[in-house]
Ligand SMILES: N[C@@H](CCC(=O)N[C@@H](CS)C(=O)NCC(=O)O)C(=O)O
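Just one chain is shown here, as structure tokens, and it is the form predicted on its own.
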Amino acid sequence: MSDIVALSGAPGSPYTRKMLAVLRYRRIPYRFLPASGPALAGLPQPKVALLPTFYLPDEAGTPQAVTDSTPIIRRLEREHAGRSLIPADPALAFLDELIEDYADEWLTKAMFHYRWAYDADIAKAAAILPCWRGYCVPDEELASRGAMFAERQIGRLRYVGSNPVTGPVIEAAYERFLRAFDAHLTRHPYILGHRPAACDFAVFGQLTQLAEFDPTPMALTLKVAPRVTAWVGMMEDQSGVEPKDDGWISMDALPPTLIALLTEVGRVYPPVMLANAKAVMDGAAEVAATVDGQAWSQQPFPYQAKCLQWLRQSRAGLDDGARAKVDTALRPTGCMALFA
């Protein structure tokens, strides 16, 4: 097997953009394969077709198709030394994992909602996203692909919880996040200090769409959080950044702006995650929760129930001192509800 990491994906996938930026920052050689075409011939197929798909060797050296970005980041940490995305302090590393999960599993609700709830955003996505799977086709075929793709994606809004009742909740949460993050960027170039962490790339991935592609959230982001818009552009390629060992913030002195970000996480994420886990466990057909005083409903999402389980396992695996630091930091934010 070559030491060059191979992956396939598309620019409209926030997780593809997340992982390409990770590879650039970590200076890991890679080859990016378009999500369709001859370059994928003969490569293994993932169990679930998600982007990006990495083609990584198993213990016997046989290529396997792997799609989950969070464990892939941890695998790359083990297999490629230097320029780590994971703080050395276990307590801070847990905060990194929590914020990464929030970005991957909650901010993506905003991304999906804005893209498929507004006419201008639907029109742009339907016109452009099919092109990234091949644009050398007649106009009629491209238009047909776009219409079919939009219809399918709009039908999947029920899985992320986007509907006329929850839409305003999602949008208000996104704007609060933008304002909190913009305030944080007045003093810190990254979420956890002066070097990027895994959570930065997770947030960046979602914002590549929200701040740079979809018209409605793009205009909102520029209006209320210009630093965030600029940050997204800079995060695309961080290969020139030289991280310092002391670049992380201290758990003993978390900045108020980070506490504010965590408070936004605690405001919206726990009620949905907890209700979803209960629905999955009970075999219920619908998730029912209250978020920001509003009724929330969506179809159960088994993967997010696993995410909650993994977060709980990570916290339980901390030593007593690190767990005490985490709990002290999270107690005023509302995030501790995840671990009750």
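The first residue of the shown sequence is 1; numbering continues from there. Just so you know, these numbers come straight off a predicted model, no measurement behind them.
There is another form of the same protein, the form predicted together with the ligand; it is not shown, and what comes next is about it.
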{"item": "Residue stretch of 275-283, 292-300, 37-45, 65-73 approaching the ligand in the predicted bound form, non-hydrogen atom distance within 4.5 Å", "value": "65-73"}
{"item": "Partner proximity in the predicted bound form: residue 56 to the ligand, non-hydrogen atom cutoff 4.5 Å", "value": "no"}
{"item": "Contact label in the predicted bound form: residue 28 to the ligand, heavy atom within 4.5 Å", "value": "no"}
{"item": "Heavy atom of residue 156 within 4.5 Å of the ligand in the predicted bound form", "value": "yes"}
{"item": "4.5 Å heavy atom contact, residue 152 and the ligand in the predicted bound form", "value": "yes"}
{"item": "Residues within stretch 13-43 having a non-hydrogen atom within 4.5 Å of the ligand in the predicted bound form", "value": "13, 14, 15"}
